[in-house]
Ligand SMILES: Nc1ncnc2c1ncn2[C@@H]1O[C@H](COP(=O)(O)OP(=O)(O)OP(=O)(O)O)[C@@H](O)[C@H]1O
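To begin, one chain is listed below as structure tokens, in the form predicted alone.
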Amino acid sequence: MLRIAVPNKGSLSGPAAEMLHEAGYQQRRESKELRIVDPENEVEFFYLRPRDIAIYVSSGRLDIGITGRDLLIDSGADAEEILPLGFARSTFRFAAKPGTANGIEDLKGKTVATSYEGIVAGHLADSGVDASVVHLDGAVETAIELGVAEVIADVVETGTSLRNAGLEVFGEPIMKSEAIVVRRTGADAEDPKVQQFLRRLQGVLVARTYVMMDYDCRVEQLEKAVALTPGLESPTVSPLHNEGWVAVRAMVPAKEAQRIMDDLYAIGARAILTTAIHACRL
């Protein structure tokens, strides 16, 4: 039975559970549940603190887990990323009072406060910058005002909270993070159970990215239409009862669907429909 770690709370928890549900796996009904078994799929889920998941996986007690790239790197665990999941995206940046620093080279001799000591210390060392790192569990924006540090390093989304604290980001991003699947470094990459799990999640990712598009067009416009909707290998084309017309079906990127529909209509295609894809295997 495949043993999988899942975030029990925070920004990773809800989207992870939703993706697993879309992939056909049972999920817990109450937040107090710490473990559930899905016998049909031969999977056992363990609901753990996101920060601890990479450590559990690296120990070999659990086969794989879902966590954040930032949490994996910060943990220093002997685990590796095997699949990005496309949600919980964030950017990790340095910030300070205006005029304090323009780039990482200006941090020499300064103190940096962060909740991600492993990431920051590693980034400073890789950049050859000798600076002190202070670990805080949260609300790092106040560290500068209280004199604990001259600089902070934290996840930045809109930057509103930093501006409200009188701070501004500077330099290049330290890293970009998102939810990922991790496994122990050196684990069997061809494990059939793990590969099946990954295929299911990849199917969900594709289903979220594409829609199925169907339309009718005249035969003389088919080549132009197919150029607009090439599909993955090629579109499906079927003759219609009315002579000179064909029905076309192809997968198209969801974010481009409206533009493609406009272009198809402009060349004479009609009965243009899009439908959501709930699951797939490519």
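Throughout, we count residues from 1 along the sequence that is shown. Nothing here was measured: the structure is a model prediction, and the numbers come from that model.
One more form of this protein should be noted, the form predicted in complex with the ligand, which is absent from this view; the next part is about it.
Colleague: If the cut-off is 4.5 angstroms on heavy atoms, which of these, Leu198, Val169, Val155, Met212, is the one near the ligand in the predicted complex?
Modeller: Among Leu198, Val169, Val155, Met212, a heavy atom within 4.5 Å of the ligand in the predicted complex occurs only for Val155.
Colleague: What is the one choice in Ala88, Ile144, Leu124, Leu205 with a heavy atom within 4.5 Å of the ligand in the predicted complex?
Modeller: Here the answer is residue option Ala88.
Colleague: When the ligand is placed as it is in the predicted complex, which of 126-134, 69-77, 104-112, 186-194 ends up with heavy atoms within 4.5 Å of it?
Modeller: Contact-bearing stretch, as computed: 69-77.
Colleague: Taking the ligand as it sits in the predicted complex, is Tyr116 near enough to touch it, meaning that at least one heavy atom pair lies within 4.5 angstroms?
Modeller: Result yes; Tyr116 sits at the interface with the ligand in the predicted complex.
Colleague: So in the predicted complex, is the ligand close enough to Ala23 to count as touching (4.5 Å, heavy atoms)?
Modeller: No, Ala23 stays farther than 4.5 Å from the ligand in the predicted complex.
Colleague: Any chance Gly65 has a heavy atom within 4.5 Å of the ligand in the predicted complex?
Modeller: Gly65 lies outside the contact set for the ligand.
Colleague: Although the ligand is absent from this view, report whether Gly268 comes within 4.5 Å of it in the predicted complex, heavy atoms only.
Modeller: Contact with the ligand, no.
Colleague: In the predicted complex, which residues of 5-27 put a heavy atom within 4.5 Å of the ligand?
Modeller: Lys9, Gly10, Ser11, Leu12 sit within 4.5 Å of the partner.
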